[in-house]
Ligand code: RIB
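Take a look at this single chain in structure tokens; it is the form predicted alone.
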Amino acid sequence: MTETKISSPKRILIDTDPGIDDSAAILLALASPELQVEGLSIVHGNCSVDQGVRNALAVLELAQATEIAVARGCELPLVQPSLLAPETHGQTGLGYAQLPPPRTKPLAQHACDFLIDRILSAPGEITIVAIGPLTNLALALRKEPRLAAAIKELFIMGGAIRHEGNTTPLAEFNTYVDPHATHIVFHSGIPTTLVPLDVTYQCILTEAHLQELEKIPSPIPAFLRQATRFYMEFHDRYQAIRGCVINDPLALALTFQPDLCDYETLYVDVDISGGVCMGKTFADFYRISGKPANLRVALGVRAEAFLDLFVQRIAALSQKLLSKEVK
């Protein structure tokens, strides 16, 4: 598979609830020369928003990327009660990994205002990668309606179209945690690619991948080993998966290598009526509703190619940082 030729890097903002696979996605972004990460906006989800801020700052310090801004966002969903995921990501959100307390600080500015200011300062130039619940983005859209037209494109890790849910029998975690925010974003008119469990659950990081990375004696493979060990235990215990699904790095990778997936442009919505279907994403494949398509949905994936890319990029970043330490 031929990688995208680099001209000028794509400018991205990552809206994230830094758990295990979010952290892996942040590292993949930093390892990818096609991307220029301009900031992280933090939201509740895998862990509390305050813990997420600490995790984001600590991961950036691990990767020697402390120049990247981190903004604290929403600590609660728009309507639903709070739902965190310590059983999946551990009490800190990073599994068994223990990073030093970060020395850097987040911005004083709220993440919603940070998103608005950054995007409106460069209309049509910034891509958002949303890999947590969509509360920050939904509130930003409500506060500043011009935002939707100013976003270049949006990649969302969320939803389950033909796949079973991972939080309820029908609903995926990010969508279930704040379905009302998801509803706002889906209908905002932003050019959006949805990366649901249909494709992410085919991308399983295994022991063999970790062993390949650990050939480089760098802190990054050591961090991923300890973080994903907890995640692998969860997947084995509850889902009979040997390894762990790395949902968020796939969504990140599609920003610069879209041919990793196959897509359909569809009308997609999320159930917010309550009951057993709450948070379920669904697509109108047969155009029964007559409503125009609003999302491009990834429904097929070249999982092995993606996993190879992930391992190669993280290995290159690890080697780069190791070389700096030697000097």
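The shown structure was predicted, so the numbers you read here are calculated from the model rather than taken from an experiment. Quick note: we count residues from 1 along the sequence shown, nothing fancier.
Beyond what is shown, the protein has a form predicted together with the ligand; the following relates to that form.
>> Only one of 211-219, 101-109, 167-175, 184-192 has heavy atoms within 4.5 Å of the ligand in the predicted complex; I'd like to know which.
In response: Looking at the other structure, the answer is 167-175.
> Of these, 224, 203, 197, 128, which has a heavy atom no more than 4.5 Å from the ligand in the predicted complex?
Replying inline: Of 224, 203, 197, 128, the residue with a heavy atom within 4.5 Å of the ligand in the predicted complex is 197.
> With a 4.5 Å heavy atom cut-off, would you call residue 92 a contact of the ligand in the predicted complex?
Replying inline: Residue-level check for residue 92: no, no contact with the ligand.
> Does residue 115 reach the ligand in the predicted complex, with heavy atoms at most 4.5 Å apart?
Replying inline: It does not: once the ligand is placed as it appears in the predicted complex, residue 115 has no heavy atom within 4.5 Å of it.
>> Even though the partner isn't displayed, in the predicted complex is residue 46 close enough to the ligand, meaning a heavy atom within 4.5 Å?
In response: Yes, residue 46 lies within 4.5 Å of the ligand in the predicted complex.
> Would residue 157 count as touching the ligand in the predicted complex under a 4.5 Å heavy atom rule?
Replying inline: Yes.
>> Do any residues of 21-39 have a non-hydrogen atom within 4.5 angstroms of the ligand in the predicted complex? If so, which ones, in sequence order?
In response: Those in contact are 21, 22.
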